[in-house]
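Next up: just one chain, as structure tokens, the form predicted alone.
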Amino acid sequence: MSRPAPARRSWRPDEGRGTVVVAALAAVLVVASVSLTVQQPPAQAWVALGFGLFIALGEVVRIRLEGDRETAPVGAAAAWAYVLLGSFGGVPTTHRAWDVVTVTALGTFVGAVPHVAAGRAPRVDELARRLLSVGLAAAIFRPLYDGGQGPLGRLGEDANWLLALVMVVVVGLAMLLDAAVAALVRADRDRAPYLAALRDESRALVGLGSAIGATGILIALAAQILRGWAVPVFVVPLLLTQFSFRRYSTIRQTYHQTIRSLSRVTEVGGYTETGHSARVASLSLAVGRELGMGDRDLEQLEYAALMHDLGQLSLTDPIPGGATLLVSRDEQSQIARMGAEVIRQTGVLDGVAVIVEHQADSYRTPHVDADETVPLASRIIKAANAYDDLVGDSLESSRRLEAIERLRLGMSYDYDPAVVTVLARVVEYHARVPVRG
């Protein structure tokens, strides 16, 4: 009778309390807004219906971006436009901030139904953040316009530049809130430093986020003359841009799968244990996140960790169990150099090749504080690889503790103390949560 395969340890991030808090705040906002809207429906219901439909359409065609982010550019642009909508064909709009939240929520939920039915439910934190940021923008802008009676509503056509400037400021503030909340959720979920998460979220905001906000502003301004036609006129170019992003995302996913397949060559050839590269990559990413590495650096770290053992293909006789920790330092360096040479042949992964090449290097040498030529990613892989060589797929706590202790004994020269400290914390944290299959 065959033995069941051991449970696979995963170092993937958990949803965390940040998502729960953000989702709860968004839920309270939606419930309160819907209640107010039901008590006093918007007078221009057909305008609300039109924008709600475009928000739903945008959610249907939402896309996934790098860094495990999701966005619905068309839906978000339609929501911003409804927030900032002044006159519609010369007639002042009278919807209030809670009407904006209600329409955005209903449109988003309707558009999410096909994805939920297909088993691709949208991220809860992304939907919640969108509602919170739209709610903030509406709470600022709608009272200032106030059905044409507020300070912005009384501006003449000659002052449209001032109206546009206020729109830019409002959208900018709302997007800053979105980035701050997104960083909070990511830092809690990934156990990463908040400032590092905020840096990545702000960088992501500059690209597609600025285009979404600008499109919403243009729709709101153009609706003064074009009425409902303003939406498709400005949304179609954004939709075409979104399809380009989708194609780019698909190419990146294929690229990632190709690297994962390449990393399994050593397993198929019997040079390393099954799952070793994936475990080292997963653990390395968890450590890298806690050390505050950015999205781009984490991507290179993952690729290098997946392919860190390619150099073993140059060996005449495989290392027992593929554990490079058991061979001499010279052999470790040879494996690293050969692996880096293979990766350089791709012509597009030079940064990854450098990381792999230095993975066998010691953190420091005698009388030297630290070797600055050894990348942080290389130091992480060195420690993560040694840990997995010692523990493998085992779930025994004794092996885990012994491995961590052995790494700590090597902190004088071999292993970066900061890396080992974080690695020990990651291992201890995941030892307290259920193991995922």
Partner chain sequence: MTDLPVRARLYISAAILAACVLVVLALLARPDWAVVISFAVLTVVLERTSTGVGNQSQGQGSIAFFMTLPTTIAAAILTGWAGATLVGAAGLLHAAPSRLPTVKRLFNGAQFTLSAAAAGLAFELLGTFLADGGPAALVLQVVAANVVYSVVNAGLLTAVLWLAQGAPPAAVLTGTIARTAPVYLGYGLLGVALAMLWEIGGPLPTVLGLLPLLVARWAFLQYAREREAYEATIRTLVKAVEQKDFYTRGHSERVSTASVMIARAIGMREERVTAIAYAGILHDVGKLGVPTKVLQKTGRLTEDEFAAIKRHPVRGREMLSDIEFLDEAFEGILHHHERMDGRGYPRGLVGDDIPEFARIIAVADAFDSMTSTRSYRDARTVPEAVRELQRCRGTQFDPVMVDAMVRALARQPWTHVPAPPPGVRVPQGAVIDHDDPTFVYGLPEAER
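Model, not experiment: these values are computed from the prediction. Numbering follows the first chain given and starts at 1.
Form predicted together with the partner chain: not shown, discussed below.
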Tell me, which of 176, 113, 91, 168 has a heavy atom within 4.5 angstroms of the partner chain in the predicted complex?
-> 168
The single option of 139, 259, 152, 106 touching the partner chain in the predicted complex, heavy atom within 4.5 Å = 259
Can residue 307 be called a contact residue for the partner chain in the predicted complex at 4.5 Å between heavy atoms?
-> yes
Is there a heavy atom of residue 215 no more than 4.5 Å from a heavy atom of the partner chain in the predicted complex?
-> yes
Give a yes/no on whether residue 264 approaches the partner chain to within 4.5 Å in the predicted complex, heavy atoms considered.
-> yes
Applying a 4.5 Å heavy atom distance criterion, does residue 197 contact the partner chain in the predicted complex?
-> no
When the partner chain is placed as it is in the predicted complex, which of 125-133, 143-151, 337-345, 285-293 ends up with heavy atoms within 4.5 Å of it?
-> 337-345
At a 4.5 angstroms cut-off on non-hydrogen atoms, which residues of 208-226 are near the partner chain in the predicted complex? List them in order.
-> 208, 210, 211, 214, 215, 217, 218, 221, 222, 224, 225, 226
